[in-house]
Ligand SMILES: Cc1cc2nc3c(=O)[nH]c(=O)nc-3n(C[C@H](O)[C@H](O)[C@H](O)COP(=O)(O)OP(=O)(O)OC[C@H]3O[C@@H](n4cnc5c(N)ncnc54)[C@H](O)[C@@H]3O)c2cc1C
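The form predicted on its own is given below as one chain in structure tokens.
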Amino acid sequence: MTDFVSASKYAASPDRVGEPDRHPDRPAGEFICNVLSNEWVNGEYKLLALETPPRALNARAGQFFHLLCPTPDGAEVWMRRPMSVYRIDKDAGHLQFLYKCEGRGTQGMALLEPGDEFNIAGPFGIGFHLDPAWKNIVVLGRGVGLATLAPLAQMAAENGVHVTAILSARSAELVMSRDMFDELGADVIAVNDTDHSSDVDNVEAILEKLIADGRADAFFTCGSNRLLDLMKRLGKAHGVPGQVAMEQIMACGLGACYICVRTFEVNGEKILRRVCREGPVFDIQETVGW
């Protein structure tokens, strides 16, 4: 896993696209990126594509960047916004972020246009990992959590691991990331609230069949407490390991402010961990709630 980088390892000034990397030995940094596109994918989500310096492309699935969002209304956006990386294209030198436009930060991001500059810092945190013994994994996500899980399919494809992706949303129109999972060879099962296919009982039946068929060496989830609880329960009952990517409000993103602290249960003891530093990816059995 890529480990956390301390605040002292920030560059004195941001690296820009096309400039030599002043700190190639450091796992993270601050970067000025060029906006390539920022398009709506449906009525709630946009996909932002950036041209980035090479070091930013070392991000792993599940890690996040801290984004310095422009203002949507003239008042300064004081804090950076943490956001998991959606897609990494090392050959082209591009990063993508899939995001829902709801708060002031993401509303400001929605105003970015091709040719604009965008300041990002990262990659930070602990991302997903794949055990070499796993040949079939199950990805279960809902809403914006699908943006976090999508690059896991990219990592799995690079390691010869087959993915079954269960994608959940309020409606069929809001199911995210299906094209990316399809492109990477995953078996995709889309469920939604409108036809009740996303009901826990139905999703549980799907997971039980995957376990019985030997297609669930590990579970991965993000975006829903009820889906986390389901995977946690089935994983414990059937001995299936799992990981969950957690999202949390952050201030510094570096572990110093402790705003992102959550409760976990480890060996029967309740402990506190920082989502930005000890996560954002955690053992599913140690997670109390998403």
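Since this is a predicted model, take the numbers as computed values, not measurements. Residues carry their position along the shown sequence, with the first being 1.
The next section is about a form of this same protein that is not shown, the form predicted in complex with the named molecule.
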Interface residue in the model of the complex among G185, P114, G214, G103, criterion: non-hydrogen atom within 4.5 angstroms of the named molecule: G103
Could you tell me which one of L227, A49, C33, M246 places a heavy atom within 4.5 Å of the named molecule in the model of the complex? M246
Is every one of H162, A165 and T221 in contact with the named molecule in the model of the complex, taking contact as a heavy atom within 4.5 Å? no
Which of these stretches, 202-210, 129-137, 77-85, 186-194, has heavy atoms within 4.5 Å of the named molecule in the model of the complex? 77-85
Taking heavy atoms and a 4.5 Å cut-off, does A59 contact the named molecule in the model of the complex? no
Y99 within 4.5 Å of the named molecule in the model of the complex, heavy atoms: yes
Could you tell me if A169 has a non-hydrogen atom within 4.5 Å of the named molecule in the model of the complex? no
Within 4.5 Å, heavy atoms only: does A153 come near the named molecule in the model of the complex? no
Considering only 124-159, what residues come within 4.5 Å of the named molecule in the model of the complex, judged by heavy atoms? V144, A147, T148
